[in-house]
Each structure stands twice: as structure tokens, then as C-alpha cells.
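What follows are C-alpha cells for two forms of the same protein chain, given separately as structure 1 and structure 2.
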Structure 1
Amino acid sequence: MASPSSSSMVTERRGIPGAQFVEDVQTYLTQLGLDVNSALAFLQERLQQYKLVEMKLLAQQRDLQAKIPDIEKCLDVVATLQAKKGTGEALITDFEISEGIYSRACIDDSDSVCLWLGANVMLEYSCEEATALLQKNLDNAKASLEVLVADLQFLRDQVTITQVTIARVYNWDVHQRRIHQAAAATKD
């Protein structure tokens, strides 16, 4: 889909094909070598593909948006444990054993915490190491989210361009038919 008709445009981004901007409908159709209906069908199909990718990206975005507050909560807890360390007091907390059932825990001074890494693996870290690891995970998650949001914006732009192109091809066709009808009427 390489064509000189669009100037400063990105042709694709991370696997998402860019939508070609159409300067002139007539030229566009000749270039594609398609008649109006085929062109419209092609553009509609492109639109469907974009929608599919959008669903995927939105799901990824939701996952990341859920992950970030979780990591922040973990950082909170580790910070609280660290704050308690100097005082010599134990931290008393109520935690949930099962839905609606809570039990009391007395957490003594400790230099280390265990972090759940996933895949049934839990590792013990010192409080400082744990904070560093959690902070790194948080930063990575936030960075991924930013990239994802930019991807979604790019995708939505391509969807808009495609929708406008569809409208313009359709209008052009209507216009052409009117011209031919008028020409045919004046001949008779």
C-alpha cells in the first residue's frame, strides 16, 4: 500500500497497518484498480480488522490498569513494615482467611518480606530489595501502559481515517451517478 499521495504519515506502528489518506477519490480508485463496491468492501474489511485489534489492546489496557493499584498496595505494606522496624513494636493486623472471615496476625520486627512472583514461586527479600523490585515493576507497568495508550490513539486515528475514506468514496459514487443521470437526461 505504498503511495506518494500521503505526506507526513506513519505507514504502520507495531504491527498495526496505517490507513492510507486519500487526496483524491478518482485517483485512489484508479490506483487500487477497483470499482466503487470492491473498494468499499475492502475498506470495510480493514475497519473490521482495526476493531479486532482495538478489542485486544483494550483488554491489555484493562489488565495493566488493574495491575498498577495492586503493586502500589504492596509497596504500601512494605513501607509500613519498614516504618515499624525501628520502633520495636509488633504490627497487629486483621487479615482475611476466607470470604468474610478475618483473623488477627501479630507481625514482629522483621528485616525481610516474601514476594509472590507468580508461577507458584515466592521469594524472600530484604525490605529494601523488595521495595526496589516492586518499584521497578510499577515503573515498567506504567511505561507499558503509556505505550499501549499511544498505540490505541494511533489505531483510533486509522479507524477515523478509514471511516472518512469510506464516506468520501460513497459520496463520490453518488455524485458520479448524479452527473451521469443528468448527462443522460440532457441527451434525450
Structure 2
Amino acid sequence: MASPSSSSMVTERRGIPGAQFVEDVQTYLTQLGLDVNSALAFLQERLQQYKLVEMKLLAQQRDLQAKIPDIEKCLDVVATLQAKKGTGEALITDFEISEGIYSRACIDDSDSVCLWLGANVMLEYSCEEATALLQKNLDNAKASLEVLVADLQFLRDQVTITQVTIARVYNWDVHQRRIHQAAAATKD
């Protein structure tokens, strides 16, 4: 059963701790054994941690979004080579040597392609193996992107809950101070 201070259980997703929505600030502070300033400092620190994780996830998302079109382009090239295979006509193409520098190439019938795997590694594959590998990489990248988008949504929810909790704790503190000031003013 949920505690009186939270409306839902605090969960975790892939190492990202869940934020606790605080309904009753007094109970929340009592349970944690914190004063208002310590609770606000803790919540601000948690908010900064969420922001840091969000930046890292957004960078991963950008990388995957750039990687997917590259894999699809490689798949198209391998499919074009397979389609031209056995026709006897050469494939004339422009390829990038360096950023902004291209060269023209004439590709005769070929049963294999070389794939750049990264880290200064290039391997030769048959066209069928290359297609299978690239398709597997594309499927993995798309699945990773879906998980990343779900993680980002979860993280944004936690940021929102934490921001609301910070506002609730701060407003509760302001309200308590006003009550104490009013009580002190009536005693005088």
C-alpha cells in the first residue's frame, strides 16, 4: 500500500530512480527526517542528476538518429550492387574520400563488399552476409532508439514530478512561515 505522502510507488527504469510525488509535505519531511532546506537541497541535487542523465540520453539519441540513415544507405548500396551483379554492366558511382572530397569509381561485378566497422576495422563480406549484418544492425539501432525514447519520456516525467515537489515543499515552507509570523503578531 502506498504511503500517505505519495500517490504512487517510486519506481526505477534502467538505473534512473523514480521521483516521489509528495501530497503531504509535513509527512514527507517527517518520514525523511529532514528540515525544509535539506529537503530542498536534496530535491535540487536530484533534479540536477536528472538533467545530467537527460543530456547523456539526448546525445545517445542524436548518435542513433545519425547512425540509422547511414545503415539504410549502406543497405541500399549493397542492394544496388546485388541488382547489378550478373548483368555484365559496370556500376559507375561517386564515393566520398574525405569530407567534401569525392572520386568517381567504376565497379565491375563483385561478389563481396567491404564494410567499415569502426575503430580502423574494415572487413570483407559476401553481399548476402553484408545485407544480413546491416539489417541486424539496423533492427538493433531502431530497437535501441525506441528504448531510449521511452527512457527519455520516463526521465521527463521524473523531472516534472521533482519540480512540482520542489514547488510544493517551498510553498509549504512559505505558508508555515506566514502562519508563525501571524501567530507571533497576535501574541504581541
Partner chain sequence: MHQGGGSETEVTWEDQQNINKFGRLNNRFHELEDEIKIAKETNESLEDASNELILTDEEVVRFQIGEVFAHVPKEEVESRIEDMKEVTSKNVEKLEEEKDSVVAQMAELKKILYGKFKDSINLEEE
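Here, residue number means position along structure 1's sequence, counting from 1. We call the rigid core the largest set of C-alpha positions that still match within 1.5 Å between the two forms. Bear in mind that the values here come from a model prediction, so they are computed numbers and not experimental data.
Which of the two shown corresponds to the form predicted together with its partner chain?
Number 1 is right.
Tell me, please, whether between structures 1 and 2 the C-alpha of Asn120 is shifted by 2 Å or more, with the rigid core used for superposition.
After core superposition, the C-alpha of Asn120 moves 2 Å or more between structures 1 and 2.
Core aligned, does the CA of Asp108 move at least 2 Å between structures 1 and 2?
No; Asp108 is a residue whose C-alpha shifts by less than 2 Å between structures 1 and 2 when the cores are overlaid.
Following alignment on the rigid core, what Cα displacement (Å) is computed for Ser98 between structures 1 and 2?
A shift of 4.7 Å at the C-alpha.
Quick one: how many Å does the C-alpha of Ala182 shift between structures 1 and 2 once the rigid core is superposed?
Taking the core as reference, the C-alpha of Ala182 is shifted 2.4 Å.
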